[in-house]
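To begin, one chain is listed below as structure tokens, in the form predicted on its own.
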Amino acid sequence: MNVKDLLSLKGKVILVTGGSGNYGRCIVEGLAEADATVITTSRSLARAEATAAQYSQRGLDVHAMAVDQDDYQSMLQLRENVSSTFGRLDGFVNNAVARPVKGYRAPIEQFAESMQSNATGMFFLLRELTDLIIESGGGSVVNIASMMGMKGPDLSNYEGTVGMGDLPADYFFHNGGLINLTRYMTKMHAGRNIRFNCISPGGLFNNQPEAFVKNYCKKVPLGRMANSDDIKGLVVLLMSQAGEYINGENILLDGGLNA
């Protein structure tokens, strides 16, 4: 088969949580550019609709739905809305994250709030949408974690900055768990025509202070931080027929920082 056909997502319905965030917007864009029908979600329907409208104006097939990972009924309603509107689900990009914890010494209640959304709620939604993909005949799940789920923090990156470097423990905790949850789901659903993979990005440029960018980039063999386009080709690969023998993997996307 021609490689363009292998990478095509035409006829596929794919849902992206957190589709209005820095990585989420580019993931939505890449999947739609590969001809998928894409559902972008946010806690705020208005925010999801604004993202969908931006891409719809370019002729891309993007739709908006709301979901709250703190609310089980909201997640069940999302599954029902996808099923009733599109009749199927072929792929899920598990991208949404909440960040309530404000540093190492933050009130422990903030950590519990994070776990409710980023662990308990996330797994509930993952389980529900996995079932829908299987019922639809199979497909692909891509979990978006972080290199911080694989490595401890490099505090030297924050030298010369102000107000940076007090890193929240929950981020490292839940991303490490998500990486191994990917392997768990792969084995639990063996033989059901569904694949689970994880991407662990590192160093997305988001207008950080100049000192941080300088500290960081001198450690990266490519000499720069990631931009928002760097992830979308990999997501398309993992969702497409071109990647159909990649299963149970965690792919480190860090420009060679941890080589």
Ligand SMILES: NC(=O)c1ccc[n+]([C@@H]2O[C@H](COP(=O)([O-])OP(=O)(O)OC[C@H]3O[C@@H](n4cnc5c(N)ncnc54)[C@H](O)[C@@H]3O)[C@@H](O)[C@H]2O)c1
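Note that the coordinates shown come from a computational prediction; the quantities given were computed from them, not determined experimentally. We number the residues from 1 along the sequence you see.
Another form exists, predicted in complex with the ligand; not displayed. Remarks below refer to it.
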property: Close approach of N197 to the ligand in the predicted complex, 4.5 Å, heavy atom; result: no
property: K102 within 4.5 Å of the ligand in the predicted complex, heavy atoms; result: no
property: Distance check, N95 to the ligand in the predicted complex, heavy atom within 4.5 Å; result: yes
property: Y171: touches the ligand in the predicted complex, heavy atom cutoff 4.5 angstroms; result: yes
property: Joint contact, K151, G176 and L257 to the ligand in the predicted complex, by non-hydrogen atom at 4.5 Å; result: no
property: Candidate stretches 57-65, 188-196, 43-51, 29-37, one within 4.5 Å of the ligand in the predicted complex by heavy atom; result: 43-51
property: Interface residue in the predicted complex among I144, L129, L78, V141, criterion: non-hydrogen atom within 4.5 angstroms of the ligand; result: I144
property: In the predicted complex: members of 10-36 within 4.5 Å of the ligand, any heavy atom; result: G18, S20, G21, N22, Y23, G24
